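Coming up, as structure tokens: structure 1 and structure 2, two forms of one and the same protein chain.
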Structure 1
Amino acid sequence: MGRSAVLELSGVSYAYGSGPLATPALRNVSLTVNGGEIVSLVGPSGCGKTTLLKIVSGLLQPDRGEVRVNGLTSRGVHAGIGCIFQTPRLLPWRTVLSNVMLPLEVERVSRPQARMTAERALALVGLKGTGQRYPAELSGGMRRRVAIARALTSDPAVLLMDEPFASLDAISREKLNLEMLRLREATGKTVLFVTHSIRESVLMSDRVLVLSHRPAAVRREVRVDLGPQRDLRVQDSTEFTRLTAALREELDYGEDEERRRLDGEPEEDGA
């Protein structure tokens, strides 16, 4: 029996500004993320990936189309959406524990309950016992784990991750990729993940959606059948190489298509 859809976008379009000066960002985007899936978005820089996440989170409202979370139309900021950004955005004067507790304080959860929830979230991301340290005392990778723990405290239906590991060194990045896979197995969380890294998208995802140049539309879906139990050795497999090559070819084709459009050349006919 298939998993049910947790996040659905139907015909979502968005433009910055209005009238003749409007800049289209998204064009008729439709996608589905099922419960417990990690789905990655890849595409050219500036194509609209972050705009799409802002619409899913409710920070922006689509000009057309609909966003549904657990079958219900989402309007405005949705409590069931957790966001993790490229920079952790931790408050340097607060301890790790109090940073993780912050969303619960805003929701006026009792302090004992908030503390227990925050400590549980820190344990889930492998940071048990670090609650009294300050962000400046942590490595970059640890700070990102704190940001993930903070997002988990509200038990969101969907985690939105906007290139959260982009600024890390390769070793730290791979460790956090595997940590997210372990976390998904432990919690069953649904994740929509934006990345510029083809290898990262294949390592982490059940599916990868390739977006076109702005205004973004879904060009292709690539299914990643590498099994739920992955480690770094999967990157040496023939299937991993095939998948990364297919995504790279799709992105290269998109670059050629955009170049022809800008140069005024006719596009090639294709299937």
Structure 2
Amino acid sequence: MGRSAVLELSGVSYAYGSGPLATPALRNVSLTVNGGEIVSLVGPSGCGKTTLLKIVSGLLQPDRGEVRVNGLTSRGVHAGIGCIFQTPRLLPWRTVLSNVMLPLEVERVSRPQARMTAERALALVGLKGTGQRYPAELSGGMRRRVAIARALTSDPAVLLMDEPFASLDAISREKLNLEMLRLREATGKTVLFVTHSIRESVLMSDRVLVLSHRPAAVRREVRVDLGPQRDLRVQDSTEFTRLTAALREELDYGEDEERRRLDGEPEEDGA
């Protein structure tokens, strides 16, 4: 895979609805993710991060611009892409194990094989022994981990993750962060990763893309040079602190600018 571009977006725009009631969500977004890279997307709530992931996966078709995965465009969902949605989306009538087996079942993998893979994935996210339970019997954090395990079973080359670790406790979260880093080293997966945590974005990724308010555009790209072999200790390094501070400032600046844009004129009138 090396450094060749796996995901390429050029000049992508998207709006929900049409006419005067349309909600523009993406504005001229261009970005590239190379093979084996982890790229984080951070940005204010409601700016269009989920929309961007749906465009990349092929669940939504852009109004303007082009999406290429491994150099190919597609009218539907691209091949070799795994999605972890913002909500777990488990099938309530299936047990945990059979939920995790779902993507393999769709691919018509033999049952014993699928079972083995699913059990391994469950163990990886720390859910050994819960396979026979139903989603309703799990905690919110456990459900999220089931969704992560499910995405890992089909072994997609590209993972699109929409705040996969949100609402997990700090310890599980760090454990899964580490797990992801190790997985990346082992498998060279390409990951596009939405998070609300600046710390997590720096820890996990090779690059962080800061998105503007809706309609989202890439307002800044921050390269993270913390070396490929990371563990949780990199968070104590000065470089880590510098990067998180820079990102926080960038996001705050965005907030201020947005506020000025929204309140600017009435304030001037009052002054």
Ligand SMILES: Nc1ncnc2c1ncn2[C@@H]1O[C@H](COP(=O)(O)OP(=O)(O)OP(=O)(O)O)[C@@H](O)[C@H]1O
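Everything quoted here is computed from the prediction, not taken from an experiment. Each form is matched to the other, and the largest set of C-alpha atoms that superpose within 1.5 Å is called the rigid core. Residue positions are counted from 1 along structure 1's sequence.
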{"property": "Identity of the form predicted alone, given as 1 or 2", "result": "1"}
{"property": "Selected hinge residue, from Asp236, Glu66, Pro156, Gly126, for two rigid parts turning between structure 1 and structure 2", "result": "Pro156"}
{"property": "Relative rotation of the two rigid parts between structure 1 and structure 2, taken as the smaller one's turn in degrees", "result": "22"}
{"property": "After superposing on the core, C-alpha shift for Gln86 between structure 1 and structure 2 in angstrom", "result": "3.4"}
{"property": "Inter-form CA displacement between structure 1 and structure 2 at Glu137 - rigid core frame, Å", "result": "8.2"}
